[in-house]
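The chain below stands alone and is given in structure tokens; this is the form predicted alone.
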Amino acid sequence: MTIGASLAAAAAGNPKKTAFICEGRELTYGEADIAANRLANALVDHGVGPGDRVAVIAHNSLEYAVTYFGIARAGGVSLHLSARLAPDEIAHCLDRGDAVAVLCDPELADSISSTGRRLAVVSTGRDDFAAFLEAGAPEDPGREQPPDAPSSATYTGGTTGFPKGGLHTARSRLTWAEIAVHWFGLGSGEVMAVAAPMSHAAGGFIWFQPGVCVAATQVLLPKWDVPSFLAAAERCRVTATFLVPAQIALLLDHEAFEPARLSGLRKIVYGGAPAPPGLIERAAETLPRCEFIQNYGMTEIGPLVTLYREDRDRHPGALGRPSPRIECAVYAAPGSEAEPGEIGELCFRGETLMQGYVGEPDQTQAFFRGSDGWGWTGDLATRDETGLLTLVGRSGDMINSGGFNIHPAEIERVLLEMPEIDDCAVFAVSDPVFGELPVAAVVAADPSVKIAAEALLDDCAGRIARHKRPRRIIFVNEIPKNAAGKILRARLQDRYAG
């Protein structure tokens, strides 16, 4: 099956069933199917050819849902960029992705046009998008690429200082969906709240795409906030949702939260970041009729490890058990698997893995580390005799804040462009809500000149996505480094843990 065919199958069996709800508007599966055809034909008429890359930069919406399937049916490859990205991050991704067109929220159109790339820019604003669709024929153009051709990419933190996109085939994406449907117990009777960004691997491909595959009804939330989530869940009788632990914490602690408002909710899948100790237990006590299922996945590998209550009760810190659809190993070193209980790097191999990072051959090579097909996650784990995995740390420097991966280089790149700064290092500090937050240690270019931390933080605004901005600036005399010049982030974390 292909991406476009997954929507067609849902529409064939459920043409009048509500597929997507967003801010009072609805689309049936039949309507969504025709809209995807119209978009595909309109894109073809605007020059999108087989294998061309089309970027999507928007918040969750009915238009986003149609866009994903329409690009696939036009034969294109969809690049899903966060609407939170700063202009230079967007420009970098469009350049590396060699995009020929962009579908974006109206407020982003001017900044995209100013990148200097010759792009067809289509607004996903309601009226603009409707007018664009009107020009397209309602029949499937029949141009979708084969299941093993490149299909879509989502973006995560990059070691070069810019986001990097994991490129997947349709076969990979639909295998993700099949695994999610099985592990999460999803069915056509679900009303699923899509509270994570559809541009994110979790929101778009571990949650939204599986929902279409089972022809569930999905409530699309443009932006996360607790009152909007509660109102939508109450009004639409939401039965299942995917949340990152930070969202669960914000939900439980909000003054508007009342368990009775979520009386229809039966399933919360959570992941994207480790849950703080005691959070899920507190949530399960507050919502006793709700099942909590932990998922471990990545932009590069998909939803591969799941933890149910039985294992969680016995092993609260466990990561879960891997899907039988994928090979999983814990390697002490390349070619040498760790013994049960021994710490090693978590690796996966199989059809759910990405083909590589878009326009980033060196980072692709670093992820695969050889020709044997194993993807190295950078996460350190142990595995017991029964196959249960436990995460113990990360081999890299990635910061996971509220389910978003942030590489320190992304922030350091911006800080080092400021004339007031001679050197800097970004590191993670723990946070009870977001798991981790980025903090920057900074060496002033001229120690005799007093610099306001607030001014540096203000300078970051507009140059880097909001969730990536350092939460605090600490002035230091020097950055701790080893003999090879590598930053000793652990030393900074220990020094400023409080």
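All residue numbers are counted from 1 along the displayed sequence. Bear in mind that the values here come from a model prediction, so they are computed numbers and not experimental data.
The protein also exists as the form predicted in complex with adenosine monophosphate; that form is not presented, and the subsequent description refers to it.
At 4.5 Å between heavy atoms, is residue 191 in contact with adenosine monophosphate in the predicted complex? Residue 191: no, not in contact with adenosine monophosphate in the predicted complex.
Although adenosine monophosphate is absent from this view, report whether residue 156 comes within 4.5 Å of it in the predicted complex, heavy atoms only. Because a heavy atom of residue 156 falls inside 4.5 Å of adenosine monophosphate in the predicted complex, the answer is yes.
Within a 4.5 Å heavy atom cut-off, is residue 204 in contact with adenosine monophosphate in the predicted complex? No, residue 204 stays farther than 4.5 Å from adenosine monophosphate in the predicted complex.
Exercise: residue 325 in contact with adenosine monophosphate in the predicted complex, heavy atom 4.5 Å: Although adenosine monophosphate is absent here, residue 325 would stay clear of it in the predicted complex, with no heavy atoms inside 4.5 Å.
Triplet 41, 46 and 124 all within 4.5 Å of adenosine monophosphate in the predicted complex via a heavy atom: No residue of the spot touches adenosine monophosphate in the predicted complex.
Of 78, 82, 299, 239, the one that lies within 4.5 Å of adenosine monophosphate in the predicted complex (heavy atoms): Here the answer is residue option 299.
Out of 295, 169, 218, 145, which one falls within 4.5 Å of adenosine monophosphate in the predicted complex, going by heavy atoms? None of the others qualify; the residue that does is 295.
Hey, of 409-417, 279-287, 95-103, 299-307, which bit sits against adenosine monophosphate in the predicted complex at 4.5 Å between non-hydrogen atoms? Comparing against adenosine monophosphate in the predicted complex, the contact stretch is 299-307.
Residue by residue through 309-326, tell me which have a non-hydrogen atom within 4.5 angstroms of adenosine monophosphate in the predicted complex. Stretch hits: a single one, 319.
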